[in-house]
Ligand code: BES
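In structure tokens, one chain follows: the form predicted alone.
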């Protein structure tokens, strides 16, 4: 999608001119006074479209309600622009101009909202979906638009990878993509090196698949960075559940179990262009969890990188085993902060649905900062409790701990498990995106499928 900045979008020859209106406010916009029906009040999300019959440079005028002006923020703009763009797609428009009269700097929200709504994963379809080809904006800063394009491209990469079938998005493919990112130095460890590093928990998960594991370490290191951050993405390229196999219906979308890894790849791609003065390490322990004669088994004891032993209570609680070794590795890098993002627990999905991701951590201010950052860019996080009772439920008679607890409180138990592999001097946050990474039907700006959740939050946190 091409983005063009013009002096006056009202004069652009285009398929649709999108015009915004606030609720119950008299407007000086001549277009609305001329074309809007009397019942168009400007209520948030309300729309109308009308053919201009060649009386105007645009073929259609599409009005979008923005609600009450005092409640306007970037999220309102992004969500309603996305709704307008979906209407434009229904009209088979190729070119759109935007006329949004507000003092709020909204160029970034318009670009991201348009990009999210314009996304379709149709790589394997012979008949491609209709897309917007060009948008026109005015009264925006070119640098803000470049930033928005970079973020939108990062989200698109994450969505594409999580939507890809597992036959394509293998551990080796993720490693290949990481090694091709501009401005990023990437090291990939094979199975022998992973074993040498003592990552026994991660290797146990990987050993049932014919696809070899790939431990991916991407590095963005500027001179004299003011902070050092590690971001870890769960990289289960396919999760069958292992020997504790999932029902067939639950496996259908398990290509998305590497959504955390896809997010980290998207973020690292953007950092190569944005070039902030922050050192960032992107880490992915990529593998598949498959049933075979070589699979790890319920009752096995595995040893993580920090020497802690884990009794395998359930082979379908595999993501936390891979993250355990990745967390140990990240904490050894001398970073100030570690953030992991993972489609980790069905329990978090049950608790929060697809409206919000779960978040936990070892520093209250750090967690609150991420929640606030997410809210600003339009990604919601809800803090889950981290109480000792959840950890006690994972006590083992024959090892330091089990990899699961009781049936209840699963999201918090997973967080307490991960905490065992974080050193005390490092601020840590865990994002459980099981319910928000992949949608079974359209929701707000998003089509069915992968959402790229976490990319906007992590990028905003890094460059803040």
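Since we're looking at a predicted model, the values are computed, not measured. Numbering follows the first chain given and starts at 1.
Another form, the form predicted together with this ligand, is not on view; read the next lines as being about it.
Within 4.5 Å of this ligand in the predicted bound form, a heavy atom is found for all three of 316, 343 and 404.
The single contact residue among 320, 78, 269, 255, judged by any heavy atom lying within 4.5 Å of this ligand in the predicted bound form, is 320. Checking 349, 184, 386, 367 against this ligand in the predicted bound form, a heavy atom within 4.5 Å turns up for just one residue: 349.
Partner contacts here mean any heavy atom within 4.5 Å of this ligand in the predicted bound form, and among 214 to 222, 331 to 339, 239 to 247, 278 to 286 they occur only in 239 to 247. When this ligand is considered in the predicted bound form, residue 416 lies well away from it, no heavy atom lying within 4.5 Å. Among heavy atoms of residue 434, some come within 4.5 Å of this ligand in the predicted bound form. In the predicted bound form, this ligand lies farther than 4.5 Å from every heavy atom of residue 159. No residues of 266 to 293 lie near this ligand in the predicted bound form, the criterion being any heavy atom within 4.5 Å.
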